[in-house]
Every structure is written in structure tokens, then in C-alpha cells.
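Next up is one chain by itself, shown in C-alpha cells, the form predicted alone.
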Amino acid sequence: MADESAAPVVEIPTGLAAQAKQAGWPEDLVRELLQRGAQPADLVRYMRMGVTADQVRQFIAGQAGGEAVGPPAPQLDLSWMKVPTEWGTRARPTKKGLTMDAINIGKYGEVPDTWEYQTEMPRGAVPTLDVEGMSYSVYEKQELWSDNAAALYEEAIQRRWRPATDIPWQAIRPLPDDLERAICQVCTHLSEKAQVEADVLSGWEPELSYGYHEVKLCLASVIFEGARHTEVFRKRALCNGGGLGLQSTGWGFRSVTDARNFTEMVAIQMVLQDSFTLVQHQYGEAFAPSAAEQLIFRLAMQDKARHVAYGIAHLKYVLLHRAERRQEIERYLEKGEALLVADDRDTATREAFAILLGGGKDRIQEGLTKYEEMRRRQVQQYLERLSWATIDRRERLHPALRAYTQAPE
């Protein structure tokens, strides 16, 4: 008569059996562990750690003898200490400290034209086999590189500021309703633009491979600064009895969010859009009603100048190394300019700037003249920056913008 109290035979999952065979664990040992309640996933983890069958049996024997033992320890071979490094090569601090450029020595400073690894492996490390990939979409140097990325990151870290405590909010005094509404509308517009830029760059950051960490760090600082600008302009709109104004029309945003590759996004956002925003900050500082607003625009201007500096340097790098992409980049700029011009339908922002620049609603015509001056400077600086990147757009510039290149009547 069969012994009904005997434990049923446990079936070993196919995947576990294959892993056990590779690790040298006999099937009877695996079956015994399963009968004791061990989970297959835990057993696979121990196998991958290098735990041997003998160590498992010693663990089982220890439990049977009533000893308080923990999980079996993996074998230690210190093989990780034998990987090739440039041992003895020492990075030296410069006058500016131990910067990113200062540690780019030996093989660690060799930036390949194509990054072949799809993992999080840092440049210069030794790859580990069987690490899952991250599915990066940007792995060519010409698609994202700029020679100033590391320096811009260092500057961003050194010149960081805090809206909550670095702005003298107590210096803001009550303003006439028309001026308060104007500056609140301008701040609404700038806060929205900053949030969109941070969102767009946050979406691209995971697409950039780790072989170009200088660019990833630089863009991480731009994302943070976008959040900071969103914060500081929102706070200004809410701190003096005004409030947020009317949402932007958003035409210019579409040209950024619809970008199909990284260079297209950079050309439209960090060259075209940011170049125009930088001039808005310049005029905001010049016509700010108090020292607090002046400081807000000045600090935002410093941040925005770095964003433009990365964008222009990247376009120049692309064109110096892939001259055949010139027409492609010209098309990106054409699309961006067309949608930027469409944003002129945003009469709220234009009229708010005019009231701010003119000093009141009763001087709005004078303010509109200054707004046109601001527009002229935006176009001029945009063209000058493109010229530095070896792009001449004076003849191909959108007609509505080209008008600002002519002498005013």
C-alpha cells in the first residue's frame, strides 16, 4: 500500500532546470530546495551570484543542526580588481577646481564618433556582459555634441541661485493696476515658456547615450534652470496682488514639441526660441519697475545665455563635421520661424510688453515702438549667432522677420 503521507514529487520549471545545469546544481538538490519552500526566482539569483552546490548543502546542513546561519555567501575572487584601467594617471585640479575638462585625461577624455554601448556604462569603464540595454536613440557624436558643454555645466553649477531667498521680494512695491497686469502677463508668458523647455529637454535626456556625459550633464542643468525660471516668474506674478494672466497661443511651442530628432529640437528651441527669449530678458531688466524685477531678469538672462551658447556650438559642430546637413538645418529653422511669427497673434503678450516698456497703458504707443525695437534686436542677435555657426539666413529669413533687418523708417 502506498505511503499517502509522502511528499509529492516537485516538478522543476524548465528555465530553472537549465540555469541549474549551467551552475552545476544537481536536480535532486534543486527539487529538495523547492520542496522546502524555496522560490525559483531566489534560486536563480543565488546561481547567478556564483553560489556552488556544496555551499548550498552546507547551508542546509547548518539549518538541520540548528545553527543560526544566513544565506550562503558567494565566492569571492576579486576579479573586478583586475580590469584594465589607466592606473596611476591622476586628474589635477585647475584654477577653477577639479572641472569636467580637468578629468578628461587619457582614455577617459576620448570621445568616440559613435557610442556602441546601449547600457548606462560610463565612458572609460569596462563593460559587463549581459547587461540589459537602455535603447538610446542618440548615439552619434555629431547629433548632440558641443565643445563647450562641460564648461557650460560647470558655470551653471557655480552660478546657481535660489528664487525663494536670492530675490529681494520685499523690495517689490504696489504698482498701478495697468503696470501690475502687464508684468503679470509677461511673467505668465515666460513661466510657460520655461516649463515647456524643461519638459521637452526632459523627454530627450534619456535618449542621449552615456558616452557623451558632458552633454547630458549640461542639459540636466538646463532642465533645472527651466524649472527655476518657471518658479521665479510664477512667484513674481503672484507676490504683488496681481496673478497669472492669459495663456500663450502656443504656436511656437509646437515647433519644438514636434521635433523629430535632437538637432532639430536644439535648432528651434535653444537657438531660435531661446535667442528671442534672451532679448526679452534684456528688455525686462532694462525696464523693470523695481530692483527685484531687475535681478529676476538679470539672473534669468545669465542662465538663458548658456542655453543659447550650447545650441549655437552644437549647430556649428554639426556643420563642421556633416556639411551635408546644412539644408536640413535650414528647413528646421524655416519651420521654427514660421511658427514663431504665428505667435505674434498673442496680442496679450505683445500689449503687456508694450505697457511695461512704455511705463503705463496711457503710453502704450511709445511702448509699442520699444517693442518693435526689441523685435529688431531679437532678429539681429539671432542672425549674428547663426553667422557664428556658419549659417547665413538673411536671404532665407521668414519675410515677417526679414522686415526687421531693414533700416527703420
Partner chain sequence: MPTFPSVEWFKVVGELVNKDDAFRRLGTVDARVGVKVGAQLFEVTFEAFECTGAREIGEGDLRDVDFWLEQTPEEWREMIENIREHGSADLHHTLNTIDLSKPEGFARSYDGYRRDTFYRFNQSLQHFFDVSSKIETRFTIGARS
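Positions refer to the first chain, counted from 1. Because the structure is predicted, anything quoted here is derived from the model rather than measured.
One more form of this protein exists, namely the form predicted in complex with the partner chain; it is left out here, but the text below deals with it.
Checking V318, V256, V308, I167 for any heavy atom within 4.5 Å of the partner chain in the model of the complex turns up a single hit: V308. Checking C218, L144, C187, I312 for any heavy atom within 4.5 Å of the partner chain in the model of the complex turns up a single hit: I312. Under a 4.5 angstroms non-hydrogen atom cutoff, the partner chain in the model of the complex has Q158 among its neighbouring residues. Heavy atoms of Y283 reach within 4.5 Å of the partner chain in the model of the complex, making it an interface residue.
Among residues of the shown chain, L299 is one whose heavy atoms approach the partner chain to within 4.5 Å in the model of the complex. At least one heavy atom of K95 is located within 4.5 Å of the partner chain in the model of the complex. Here the chain stands alone, but in the model of the complex its contact with the partner chain, taken as any heavy atom within 4.5 Å, falls in 289 to 297 among 201 to 209, 325 to 333, 289 to 297, 261 to 269. For the three marked residues, L278, Q381 and W388, a heavy atom of each sits within 4.5 Å of the partner chain in the model of the complex. Annotation for 340 to 362: no interface residues with the partner chain in the model of the complex [heavy atom within 4.5 Å].
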